[in-house]
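Structure 1 and structure 2 below are the same protein chain in two forms, each given by itself as structure tokens.
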Structure 1
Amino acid sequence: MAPPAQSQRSQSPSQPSGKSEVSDLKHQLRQLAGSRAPGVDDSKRELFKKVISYMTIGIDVSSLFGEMVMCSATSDIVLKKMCYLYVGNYAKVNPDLALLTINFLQRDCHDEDPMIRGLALRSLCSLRVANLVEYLVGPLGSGLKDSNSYVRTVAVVGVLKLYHISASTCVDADFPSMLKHLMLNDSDTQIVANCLSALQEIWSAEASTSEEAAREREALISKPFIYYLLNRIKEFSEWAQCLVLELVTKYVPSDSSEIFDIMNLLEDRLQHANGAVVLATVKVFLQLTLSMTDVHQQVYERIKAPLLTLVSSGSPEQSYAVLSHLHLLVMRAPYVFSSDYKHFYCQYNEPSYVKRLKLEMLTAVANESNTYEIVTELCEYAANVDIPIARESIRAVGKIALQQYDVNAIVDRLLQFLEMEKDYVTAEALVLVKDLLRKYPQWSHDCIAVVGNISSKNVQEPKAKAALIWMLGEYSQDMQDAPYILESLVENWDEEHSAEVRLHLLTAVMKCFFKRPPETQSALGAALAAGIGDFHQDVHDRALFYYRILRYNVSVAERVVNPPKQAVSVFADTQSSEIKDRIFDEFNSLSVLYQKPSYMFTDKEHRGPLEFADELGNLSIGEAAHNVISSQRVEENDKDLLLTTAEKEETRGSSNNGSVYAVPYDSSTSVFASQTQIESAISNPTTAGHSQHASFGIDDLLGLGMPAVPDVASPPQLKLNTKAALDPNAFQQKWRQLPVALSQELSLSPQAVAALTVPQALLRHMQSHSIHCIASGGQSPNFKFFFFAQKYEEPSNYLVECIINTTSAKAQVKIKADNQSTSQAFSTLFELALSKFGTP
């Protein structure tokens, strides 16, 4: 028969019209299936190629499954590979047909060519069809014992794949212990590394149910094993080295001489050509020496050069990742890099993401000795063609000015910016001058002289305009024209689109009025009138407020609007040091790039294999809600939508001084934190969805991590369900519907007050008494909790609102119940549980 490939070639392979081509292929494959004619492999290859190219561009060719399998009887290895690829792609959607392939794959697993054995085994394990696992065990078992290391390498990874399809089959076949044997005895380091990665995953997953697995997992970070790996580290492939080094960071050496041993063993890894190895080594060094301050500083010196080389010699993508890490290090030890600031000078051709990080680095390393050079360099960028970078560099100059004590030179530069006559440069510089004046009021004369020359017509950006207006108001006594400039701005009130600018304008006119009343009076009247008529709520409110306070008493108004100000010494930092520490703990991970600890953005189920240590520590509803919805963004939206300003302050406050673990906790749970917000949550469908997830999270956690202890002390007449579950929506509805059954004030013992530093402490305690928390929030001294409990074997709920003030050691408790008659009994139970809190 004629090879059909020739006729097919004339058609354009990239533009298949769809169905007819597929059925055409089907027909041709069928013709070739049984053929043993010479040259048939070539025609098959053409056809297979076509099938795979269709598959790649997204055309569904799964209907060819049967024919492809029939054609797979061949000795040609490329054909086999293509066939494996095809089968691997479609087996999952065609589990029945996949059975057909088992036969030839199993046969190939016994081929005399080790490459074919390996490939077949890999494809067999990649089928990932649950009902075919029984066919995997045999080939995997013999694969692990194969004489060829390539086959063993594949088999080890295969075991892990099997585990993910069916954990029980894998464990029952005793594969983990076979892997362990290989890991400790095989001469091929690639096999050792694959075993290690597979076992880490398997044992971590098993650890929650099997004590043995937990022990084995611990054994991975035991001294003999770590040294077994470290002594052979040079034999491992570069990627396997990363894996080993990651494991070493988990190891806690017994004494300092051991620390030096390990560092000596690993020192040459810092010279490795692969950046991932270098960074993993850096992490080991930093982690090992955390407690040894002097050595830790020496480590910074040691790792500096390799890291800087990575920045300047790698691709921009690598530079970006390394710079993010450097940035983290610089925050901890700015002086280490202060003499190497030239490495962070931007090159013309670099992508903006690298430039931006470099600007941040320059800001961070600036100190007394290098400020002049750095600022000179940054000023070069202000004239850069790349406008966003030009803006960033002006901001960087400003940040340096705010950090340094000696600002003379910098102020001059900023004032030069103002004279550069480029709108965006002027805009950025204005904002900076404003910040600078808040910190260094002594510069006001020099600055105001220049600022006064800027025509407000040339300033369009809201932020810059607001800054200019602020300065006009604040320094109106020094600026001859201030009242008139403000007046002209007020006249153009309607053309001003930014509410922020209008707000600033109102305040500035007020301030000007207090300093130069006769000149400003008319402008003030016009501004207040325009403000009260404004459609923007805040502007309207502020204008009305000014109007009323002026009518009440002008001197009070002056004290409110224009009190004497103190120079700002430190501007609020955006990121707390705890968060930074936490990120530092996660060195060499994505956290560093996102500048957020991983719990803020990853799903728990997806966290790395050994990230189990502090899961229990983090156990809280906030966590749970997080883990169900991976997207951090959703949460942040919720936060913005739902938190009142006061609560935002609170959240921010807590991130500055509270425990780092409390940060996400607060932000997500304060969604439920008060009655009003529960209502707003109901009116907002996204949050409702969110809270629903949260409750599933709670259920999981209750079922999994923390089996509630049956309460022996509870009175026999009321027994609570230990595994109660209540959907937050249901809770909200009930809370609104039910009347308050009981309201009382309870006193707390001093121990209880001492134990209640974060809300989680009480949650866990109450959980052990079968009283579950649905939402909590606040921080010392005020906490607020919503609890619920369910009667044993009866769908009768108790809802509790509990407000605790630790300074007065009182708890305000409101109880609502489905069944009012038992509420008294529940109240006693609740009181009893609460009274035990804090006692050991």
Structure 2
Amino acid sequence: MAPPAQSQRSQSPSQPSGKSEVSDLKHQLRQLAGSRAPGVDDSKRELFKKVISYMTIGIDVSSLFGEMVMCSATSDIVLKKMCYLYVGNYAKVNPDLALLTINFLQRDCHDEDPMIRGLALRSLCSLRVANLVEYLVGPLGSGLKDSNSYVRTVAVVGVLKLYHISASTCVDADFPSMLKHLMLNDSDTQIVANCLSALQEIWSAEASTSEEAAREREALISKPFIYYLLNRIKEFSEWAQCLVLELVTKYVPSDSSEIFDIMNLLEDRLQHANGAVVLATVKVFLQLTLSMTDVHQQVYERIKAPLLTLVSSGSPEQSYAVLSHLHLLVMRAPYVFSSDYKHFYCQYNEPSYVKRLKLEMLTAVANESNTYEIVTELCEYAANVDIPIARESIRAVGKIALQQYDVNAIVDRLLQFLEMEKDYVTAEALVLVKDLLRKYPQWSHDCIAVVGNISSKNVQEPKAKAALIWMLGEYSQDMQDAPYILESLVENWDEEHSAEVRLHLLTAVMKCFFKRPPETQSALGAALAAGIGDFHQDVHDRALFYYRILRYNVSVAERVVNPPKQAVSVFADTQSSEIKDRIFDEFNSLSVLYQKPSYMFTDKEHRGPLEFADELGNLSIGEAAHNVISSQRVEENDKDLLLTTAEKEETRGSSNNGSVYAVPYDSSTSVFASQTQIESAISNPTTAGHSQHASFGIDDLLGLGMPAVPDVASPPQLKLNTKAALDPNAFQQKWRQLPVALSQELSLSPQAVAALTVPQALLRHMQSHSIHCIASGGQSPNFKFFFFAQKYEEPSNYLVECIINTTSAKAQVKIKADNQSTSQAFSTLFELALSKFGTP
């Protein structure tokens, strides 16, 4: 039988049928390579387009490299561009083939057409092949002196590319000096901006190894140069203006008159149509006046109008970026924007991310004079079809109420929310009413009257149900049906999946029992039984604690569970003032949009290396580069950042997170089966906490989930090697491989904090305790050190990461060890050594 005929498909230029198609292209290109016939350039264009289309969809056409280079011998700039694109793509993966392009690229660098010269130079620098850097020096030198500004612009960027390929070649060819000359003398502002950008990057990288580069970098923020740029700022492009303004923020004026001169010079930049230029100018104004309180407040008034204009006139993306910066300013000076609250009203056609930010702004600017109007507007949003925005609007109303502005009217609005027949509105309102009652107990009568009409069956969200249960327990004496509602909830214990709700239910039943014992006794017994048998450890521990303390003394239990309470004056802020100040310092950056400092979201490549010391005496923070070995650098792990003390600790090791109960619970047995053991533990509390054989230790009683620790003989003291040595590469490898054995927070004495003004003092102090520093970094108030130590006469290493925050006087310590069984002993030694730092 004959094979089935293959389906015929029309050939597409972007889908070759096989190798024959590429072979045909190769044959056609070779025929056209030396042809001078009329219209040959048009034929070449069609073939080049096919090659580029194949390359774009991932088909390997590298076999055409030679033919493409031969066909590039033409004056047609379109063919040149396509050929350069092809060459640049395959030069990275085929360095050997890239050598074939050098001759024709160097030849094109001397073409009469400046466009071809620039394109050829750009392509030559884009090859990025290390063994071809010697061919770049000549064309780059000629390009920097070219009469055409486009060629000079390309050459400046090419110098920076050369630096990243081979820094030594770039510096040896004296290109930085040539860029400096161009920057100060070229008439084209785009070239000046490119030179400034390239030199900032080059000199910043070279400053760690060259004193001259460090001096040149400092010269960029000198008064003559800053004024030179500011006087020409109107000539720069928008991108270049942002670059210049960012440099100006680093300049420190000598006196107030100089500050006013700079601000007057940049006054018209606030009216610029480009939002980036406006924000960069705002940053300059804010940074210059930080030390001048009165002027700083006037700056807020001055920058308000331009920023509000940008919010209303730009795209949603621009509005969000500007609003994020406005939000930061509002948090620092809310009264300045209090009269402009209508600018933050939500429009129906705005994206949800813009609306959400505007709601935060409305909450921040609310005061006595505008609360009514703002709350009225927010209440309209509660009926929004966008449910997340409706939720946010209700939360915003509650936040305003907690700021003590016109509480009477706001409480009435929230109670109206409770009567709406929308589950999510009721849920959010319940949570807010709970917080309001914690701050304003005098409103309990009005609130409870409405809350009592809400059926717990209609509340499904865990936070809302927990809030309702809290109110049932806290105000059970005022709610007639509270014991019976709680009893029905206890009966449905197994159907409640949220541990938060079960915890609140336990506490609420206890409170209700103390206020209305006869009606709650049966519900309390059922709740304790269900709680002790609960699979969630927190619920189990709390129920067990309540049971024991009730058997011990009911009066004591009431003082513990339901003591007299004071109204909450201030609710905790979710973000520390230190973090907010750090974000303000990074104004006009992604930090403002993410609402977190840059170190929390940048990757390790942009955090800078940790420098290893040649010896302890040379190890220093912020000193000149000759004090460190530049070739010995440790690459930080993603989690090994220089963090503030507020940052979460790394997951603790297995030696710290164990959870063991002294008495296992059998779910098939009644909770009261262990009554004898409980009575024994409670009747003799002194021995219960210390006896090695106690069934219930004091740790378990407090809900820590750990058994009592028996008295054992103290282990022998750990002795360290005074002449320990560890190669930096070995340290880095071990740090990546070893798990964290211990993680703890230590407090520093005021003397130790004062001594840290000279960080080397800590390094010498720790060395005197046989704990050596191998790397350090940071600046006040955050310092980071890597220490190591070795056990005496044994090849056992201890690695330590110590992050110190001088503001909070805390040290976050992580310890890794070859032998984890001795890590606790080493931790004791390290803590003892650190505690002695700063003492005479």
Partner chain sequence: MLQCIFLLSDSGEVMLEKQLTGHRVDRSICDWFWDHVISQGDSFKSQPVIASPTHYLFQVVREGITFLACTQVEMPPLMGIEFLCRVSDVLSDYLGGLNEDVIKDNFVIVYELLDEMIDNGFPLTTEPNILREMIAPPNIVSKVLSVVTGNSSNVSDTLPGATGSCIPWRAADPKYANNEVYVDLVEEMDAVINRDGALVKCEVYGEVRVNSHLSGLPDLTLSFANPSILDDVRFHPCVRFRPWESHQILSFVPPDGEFKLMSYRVKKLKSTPIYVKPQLSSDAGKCRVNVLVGIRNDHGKTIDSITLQFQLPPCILSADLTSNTGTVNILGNKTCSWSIGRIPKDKTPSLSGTLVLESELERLHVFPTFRVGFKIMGVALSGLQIDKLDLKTAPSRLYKGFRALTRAGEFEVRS
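For the two forms, the rigid core is made up of the largest set of C-alpha atoms that agree within 1.5 Å on superposition. Just so we're clear, the structure is a prediction, and the values are computed from it rather than from any experiment. Throughout, residue numbering runs from 1 along the sequence of structure 1.
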Number of the structure representing the form predicted together with the partner chain: 1
On a core-based superposition, does P728 travel 2 Å or more at its Cα between structure 1 and structure 2? yes
Shift of K434 between structure 1 and structure 2 at or above 2 Å (CA, core fit): no
Threshold 2 Å Cα movement between structure 1 and structure 2 at S488, rigid core reference: no
What Cα shift, in Å, does K26 show between structure 1 and structure 2 once the core is superposed? 4.5
